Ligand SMILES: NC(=O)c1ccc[n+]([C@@H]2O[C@H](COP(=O)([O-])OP(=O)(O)OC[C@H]3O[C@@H](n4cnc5c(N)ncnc54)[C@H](OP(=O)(O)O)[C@@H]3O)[C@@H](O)[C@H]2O)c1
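A lone chain, given as structure tokens: the form predicted alone.
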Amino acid sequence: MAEALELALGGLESVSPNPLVGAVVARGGRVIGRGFHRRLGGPHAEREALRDAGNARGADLYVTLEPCAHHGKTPPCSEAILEAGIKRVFFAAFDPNPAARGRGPRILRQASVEVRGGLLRKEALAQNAPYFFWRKNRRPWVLLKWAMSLDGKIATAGGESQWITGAKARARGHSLRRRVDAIMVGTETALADDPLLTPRPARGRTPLRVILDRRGRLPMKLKLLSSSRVAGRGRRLYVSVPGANSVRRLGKLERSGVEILLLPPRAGGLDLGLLLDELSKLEISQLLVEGGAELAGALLKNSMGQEIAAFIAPKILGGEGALSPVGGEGFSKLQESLALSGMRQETLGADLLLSARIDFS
């Protein structure tokens, strides 16, 4: 099962909103087949492992998520397991998807296949935390990412921010973009950086790009609001409130291929909770937030972030007016501050990546 969990990571940048799943086929204490869910819409891990094994009759199957029994983008894995003549199935965790939960193991047991669940369950739940969170809460897992100097600045006092970190750190940032279903940016960052928000190279992933513009201030010449020829492939969602844009402007956005979501006005900014609800309806299970400081501050203040990825460059920028990665009201007392858990660090050239989960409890 530990090997199956390791195999599952092969789909990290290609399967969302599906979960990461790995599978191993073994007979007589020897592994004869390995597989993982490689891409959204592709064969599931069980079918990959069974195909790799060839003749799996009488063998054991280890899989990190219970085998499915419903028809989705692919046929049920329970059928493939029965056809292969698997004797025993070990799985780590139940699938919270109502269409799947418990059905596969039940069908297999009815066909006299021995099924045991819960093997390395804790590790499987941690690996697929974004998927389980989305299924349970019907809101995307929110990953906040920023690049900053050692003294906590995301731009110079003059507003220059490209590039604080080096090439290896930026490549890792593009890896995060490939992992998620959508990337979101606030008005000020869109104005300052004019980003495309596309993963480069894309490797088949085209996350939805979400552009926030409560007051309708973003100029149409921005790359994100331009024609698809300029903005690149993939869906774009412009989020504002009724009355902030003229009918003519909204029409121009639509003709450029931009989808529009108008949320009810709310004092102090967009209703971010309602926005997350709407994104979940679009099958967005993981959302990467790339700025700016006010947006990050609003999300964290309202307990709407689950993970951070902070890229830190060995540079000192200084300046009282230089922005930090988290703005907004902040917390007036230390005891109100957010705690982080599971801190991990990764060296990327001269830069450092700190990743952690956010604990709102």
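Residue numbers here begin at 1 and follow the sequence given. It should be emphasised that the depicted structure is a prediction, and the values quoted were computed from it without experimental measurement.
Just so it is clear, the following notes concern the form predicted in complex with the ligand, a form of the same protein that is not shown.
The candidate site formed by R47, T64 and L108 is entirely out of contact with the ligand in the predicted bound form, as no residue has a non-hydrogen atom within 4.5 angstroms of it. Annotated contact segment (heavy atom within 4.5 Å of the ligand in the predicted bound form): 184 to 192, selected among 184 to 192, 279 to 287, 85 to 93, 249 to 257.
In the predicted bound form, none of the heavy atoms of Y238 sits within 4.5 Å of a heavy atom of the ligand. In the predicted bound form, at least one heavy atom of L295 sits within 4.5 Å of a heavy atom of the ligand. When the ligand is considered in the predicted bound form, P199 lies well away from it, no heavy atom lying within 4.5 Å. Taking the partner from the other structure, the ligand in the predicted bound form has a heavy atom within 4.5 Å of a heavy atom of R214. L323 is the sole member of I308, L323, A56, C68 with a non-hydrogen atom lying within 4.5 angstroms of the ligand in the predicted bound form. When the ligand is considered in the predicted bound form, only one residue from P130, P207, G291, G104 comes within 4.5 Å through any heavy atom, namely G291. With contact defined as any non-hydrogen atom lying within 4.5 angstroms of the ligand in the predicted bound form, the contacting residues in 140 to 160 are W146, A147, I154, A155, G159, given in sequence order.
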